[in-house]
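Heads up, the chain below is alone and in the form predicted on its own; it's given as structure tokens.
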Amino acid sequence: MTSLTIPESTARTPDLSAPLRRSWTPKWARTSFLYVGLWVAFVWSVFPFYWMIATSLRAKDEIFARPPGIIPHSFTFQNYIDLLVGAEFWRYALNSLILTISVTVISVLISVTAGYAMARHRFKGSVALPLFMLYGQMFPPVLLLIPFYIQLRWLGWLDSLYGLIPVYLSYMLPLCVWLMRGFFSQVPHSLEDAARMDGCTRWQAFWRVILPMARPGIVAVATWVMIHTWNEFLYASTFILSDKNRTLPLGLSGLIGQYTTDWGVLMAGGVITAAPILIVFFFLQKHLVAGVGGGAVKG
């Protein structure tokens, strides 16, 4: 019987300390490609906002100049004056403000209490209920137009701002409750137990100990609801029929005519509409990122 011998070159163990893959691209080239890509992404994202602001500051004859200039030759605030002098803009802004505040306050109150209950108490269906709540997020909003329309018509809430409140809550609340449940799950039970041993009731422990620790989550939920409610167009354009109940996105869409459009006034309206959201996001972006990330960890 012949014995099987393994060649020495084949039996040799590979050198694990050697690099697995060697890059043939110089480091300066990789850095250059990275910065070029970042600059392209930055210009691609910011240029529409710059063009909106620049168009709102151009004179009407310069807006339609060919070829269009990147930088306005002259600046004018006439488009903003034409927009703000009319009473319709302020009525649209007031409708959006009332709707946004109402939906945000109700969403925060319900999501905080429901999220705390789901995180702290075990009841029948407590595991399946959060997953079931997110099923509504899987449907495109346009699929819910007809059911919502039938319900609002049956209730007599068509063409009303208070009719939009339950519509917005129905697709915003599940995610808000999910985020708050994740936040409350991260708060140790020992803190609440210690507060109750010191004489606090359950409500006092929740109000004085648990709720301040969940502040980033509350800010994230409030900011997310506010942004979506302020900019929502699909449901408002379907359920709001009269001009007096229009919100800001609907009012701006009314500036687009069948044959002509006042692009200067329309861009000025876009700038003023986006300004409150940008200001809120600028001051609360730290809490928003921390809140969404923290709520998603345990969610």
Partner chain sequence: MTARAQPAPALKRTWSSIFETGRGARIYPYLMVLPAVVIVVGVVVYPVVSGILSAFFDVTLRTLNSGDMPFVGFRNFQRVFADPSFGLASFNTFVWVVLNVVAQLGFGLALALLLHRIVPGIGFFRSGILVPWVVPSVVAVLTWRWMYDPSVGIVNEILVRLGIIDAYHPWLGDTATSLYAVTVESIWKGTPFVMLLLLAALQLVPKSILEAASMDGASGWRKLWYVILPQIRVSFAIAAVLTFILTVNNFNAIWLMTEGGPLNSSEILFTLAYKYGFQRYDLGMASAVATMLFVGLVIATTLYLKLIQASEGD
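Numbering follows the first chain given and starts at 1. Note that the structure is a prediction, hence the values are computed from the model and not measured.
The same protein also has a form predicted in complex with its partner chain, omitted here; what follows describes it.
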{"query": "Listed residue that, although its partner chain is not shown, lies within 4.5 Å of it in the model of the complex (heavy atoms), from 78, 186, 160, 170", "finding": "170"}
{"query": "Contact residue in the model of the complex, chosen from 84, 191, 117, 105 - any heavy atom within 4.5 Å of its partner chain", "finding": "117"}
{"query": "Site check 73, 91 and 94: each within 4.5 Å of its partner chain in the model of the complex by heavy atom", "finding": "no"}
{"query": "Contact label in the model of the complex: residue 260 to its partner chain, heavy atom within 4.5 Å", "finding": "no"}
{"query": "4.5 Å heavy atom contact, residue 177 and its partner chain in the model of the complex", "finding": "yes"}
{"query": "Partner proximity in the model of the complex: residue 144 to its partner chain, non-hydrogen atom cutoff 4.5 Å", "finding": "yes"}
{"query": "Any non-hydrogen atom of residue 202 within 4.5 angstroms of its partner chain in the model of the complex", "finding": "yes"}
{"query": "Residues from 237 to 276 in contact with its partner chain (non-hydrogen atom within 4.5 Å) in the model of the complex", "finding": "237, 238, 249, 252, 253, 256, 263, 266, 267, 270, 273, 274"}
